[in-house]
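Single chain ahead, by itself, as structure tokens, in the form predicted on its own.
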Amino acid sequence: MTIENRSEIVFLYDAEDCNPNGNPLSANDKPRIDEMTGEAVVTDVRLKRFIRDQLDDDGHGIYIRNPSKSPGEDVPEREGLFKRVTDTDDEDVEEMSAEDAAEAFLNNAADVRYFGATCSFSSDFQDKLGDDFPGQFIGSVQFEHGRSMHTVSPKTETKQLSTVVSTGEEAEQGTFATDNRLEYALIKFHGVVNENAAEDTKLTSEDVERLDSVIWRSIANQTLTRSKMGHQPRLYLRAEYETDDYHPGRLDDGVKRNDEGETDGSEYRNITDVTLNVDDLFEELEEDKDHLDEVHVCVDKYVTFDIDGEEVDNEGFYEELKDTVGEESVDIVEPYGDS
């Protein structure tokens, strides 16, 4: 059964001494930075890639797998991707109706239920699927681009890396690449789970409950590479509303730096340098209390909050949230429970 409630998501993670999202069109894959504000930018595609990879590692079927995690010879075309995820061959596909093919596709491709997909197949394969097979599934879960909550400082110790490749003729070839990183970036994402789009992608309540943990674990587990090492999830909050077609829209605006107006934050080097003011977040949640079904939340213990002039840790955040929306409406997520 697909979901009935809409949700709004606020998600914060940080990236210390690494490259949170390189721009492949720039020289040496430089971190994406807004030149006007000096803020680091992370695309929704980057975040979704982390989540897809975690779903894959957890054993859930996904349509768009990471080529870097597959052997070179195991990178099928789109039709092959469809047959692999649905465990079908050409004969099976020909015998299925378009409706059954779509159902099999969505049942077996968790990432399509979350984020949608464009299905551009050859005319021959499309004929086998049938004209009624949708060419596009609009994702039920959408994120805006994430931005750092402060001006970032590119690594000043940019260095040259050399790679030496031995050939079969015992010769050596060298090449050089510049290693670009940021000193620190506390990145904030805003997202929405759309119950209306969920009707088309068959997103279930179980899928959304899984998202509460998989998004957290994806940042912790899918960044264990040289350029990404240094990521850490810090705050996840999903406000689930029982009122039809309702969400306030900018819940993330309620999470601010406590020292905004005093510094641009370029001196930050880790999470202990930042205090988050969440007074506006709690004010918004209190105003929306009559529309709320439940707030699903997870906060890292190293985050410090300013709530009504008092500094508190994650436990203080949970207690204030319970006081604001009611204890029965707060679900503290355990990211390392069932996946």
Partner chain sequence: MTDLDVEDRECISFTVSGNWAHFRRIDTTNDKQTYRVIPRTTAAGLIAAMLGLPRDSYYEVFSPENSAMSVELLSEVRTMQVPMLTLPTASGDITTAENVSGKTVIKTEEERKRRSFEYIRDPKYRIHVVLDDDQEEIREELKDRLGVEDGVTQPVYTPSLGKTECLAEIENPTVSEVEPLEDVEEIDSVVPENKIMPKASVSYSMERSPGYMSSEGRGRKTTGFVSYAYPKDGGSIEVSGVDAYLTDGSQVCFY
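Residue numbers count along the first chain shown, from 1. The structure presented is a predicted model; accordingly, all values stated were derived computationally and were not measured.
The protein also exists as the form predicted together with its partner chain; that form is not presented, and the subsequent description refers to it.
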Looking at 265-273, 100-108, 229-237, 76-84, which lies within 4.5 angstroms of its partner chain in the predicted bound form, counting heavy atoms? 76-84
Position in contact with its partner chain when the complex is considered in the predicted bound form, options D212, E183, D252, D207, heavy atoms within 4.5 Å: D252
Of V295, I307, I33, L285, the only residue with a heavy atom within 4.5 Å of its partner chain in the predicted bound form is I33
Please run the contact check for Q126 against its partner chain in the predicted bound form: heavy atoms, 4.5 angstroms, yes or no? yes
Taking heavy atoms only, is P154 within 4.5 angstroms of its partner chain in the predicted bound form? no
Is S120 one of the residues lying within 4.5 Å of its partner chain in the predicted bound form, judged by heavy atom distances? yes
D179 versus its partner chain, in the predicted bound form: is there a non-hydrogen atom within 4.5 Å? no
Across 218-257, the residues having a non-hydrogen atom within 4.5 Å of its partner chain in the predicted bound form turn out to be T243, D244, D245, Y246, H247, P248, G249, R250, D252
